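Shown below, as structure tokens, is a lone chain in the form predicted alone; questions about how it binds or moves come after it.
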Amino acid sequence: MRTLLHDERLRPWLLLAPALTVVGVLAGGAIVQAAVRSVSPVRGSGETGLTLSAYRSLLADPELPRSLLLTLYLATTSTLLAVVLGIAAALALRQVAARSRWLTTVFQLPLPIPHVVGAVAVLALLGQSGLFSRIAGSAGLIDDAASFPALVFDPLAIGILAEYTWKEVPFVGIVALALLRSSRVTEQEAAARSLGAGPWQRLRHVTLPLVLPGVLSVAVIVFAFSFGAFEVPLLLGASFPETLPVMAFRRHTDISLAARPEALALSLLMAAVAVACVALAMRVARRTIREEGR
């Protein structure tokens, strides 16, 4: 055992083993139970043995492609916005943090706030009876609340994107800021500066190529979360089409027992996407570590 603890490759996994065991048992048990129930016949249906009728019914549902496209649109757009704005914020914070350290603290404030609270705040700000609507009405920019643009419960899901971006930009930005402050980035930027490279050249050819691999692994995690989250789309999204997580939630709480296996099948499909994203993030992280070790 002592030899294993001194093995640098196994030591992190041994230290994380208790936590990973608990998470693995809970998550693994839930996935196994969902898989079994998704292929089990519904009581009173007349079917016996294992069946894939829930998956066939789900794939034949005309609502599924629209919900899938909406979910991919939200996850992809919010991830891109988080990466671009997060890197831009990290670059700005690196310049001013030495003089105004409180800005970094303010930048991190959204991190501990739950998404549900953020969704309620977006509704209070961007709703047609919200704060911005009342300000526009007081300034004479609109005649009444109905004239204010629909930014929540809208087809473009602007309210959902606003909440995701507000919440995810600090997460990406803090990781990018840590990478920007690493000795590898600062030393290579200094070397490029000494060779006569200008600010834009350093950013394009040195800073971004060094930071993007680490940020990409975070972006994959952000994408997986946005793909599987249901609270914000449930509170701020339009009634049709619904995102995949909202669709699964509604079918799971449907009074018809026949909808329950479809909800479990849909949840398993989303879990497979999340696992694939995490696997991709781990692969990117390992590649980044290998590159930094060269």
Partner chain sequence: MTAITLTSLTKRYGTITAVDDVDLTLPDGEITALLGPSGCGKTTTLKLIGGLLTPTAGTVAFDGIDQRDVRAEHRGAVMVFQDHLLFPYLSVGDNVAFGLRMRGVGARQRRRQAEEMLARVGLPDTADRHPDELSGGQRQRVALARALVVEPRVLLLDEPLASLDPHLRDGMRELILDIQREEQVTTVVVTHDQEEAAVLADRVAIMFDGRIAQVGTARELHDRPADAEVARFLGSPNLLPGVRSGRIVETAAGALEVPHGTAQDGPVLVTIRPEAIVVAPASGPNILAGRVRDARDLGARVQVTVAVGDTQLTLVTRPDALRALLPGSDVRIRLPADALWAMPAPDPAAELAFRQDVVEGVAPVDAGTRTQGAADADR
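Please read all numbers here as calculations on a predicted model, not as lab measurements. Positions refer to the first chain, counted from 1.
Absent from the display: the form predicted in complex with its partner chain. The rest refers to it.
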| remark: From 106, 190, 150, 113: within 4.5 Å of its partner chain in the predicted bound form by heavy atoms is 190
| field | Candidate site 134, 140 and 146: all three near its partner chain in the predicted bound form by heavy atom within 4.5 Å | value | no
| request: Report yes if any heavy atom of residue 197 sits within 4.5 Å of a heavy atom of its partner chain in the predicted bound form; otherwise report no. | output: yes
| request: Give a yes/no on whether residue 155 approaches its partner chain to within 4.5 Å in the predicted bound form, heavy atoms considered. | output: no
| said: I'd like to know whether residue 202 contacts its partner chain in the predicted bound form, with contact meaning heavy atoms within 4.5 angstroms. | reply: yes
| request: Evaluate residue 206 for contact with its partner chain in the predicted bound form, applying a 4.5 angstroms cut-off between non-hydrogen atoms, and reply yes or no. | output: yes
| 118-126, 84-92, 172-180, 208-216: which one contacts its partner chain in the predicted bound form at 4.5 Å, heavy atom to heavy atom? | 208-216
| query | Which residues from 252-281 come close to its partner chain in the predicted bound form, meaning a heavy atom within 4.5 Å? | reply | none
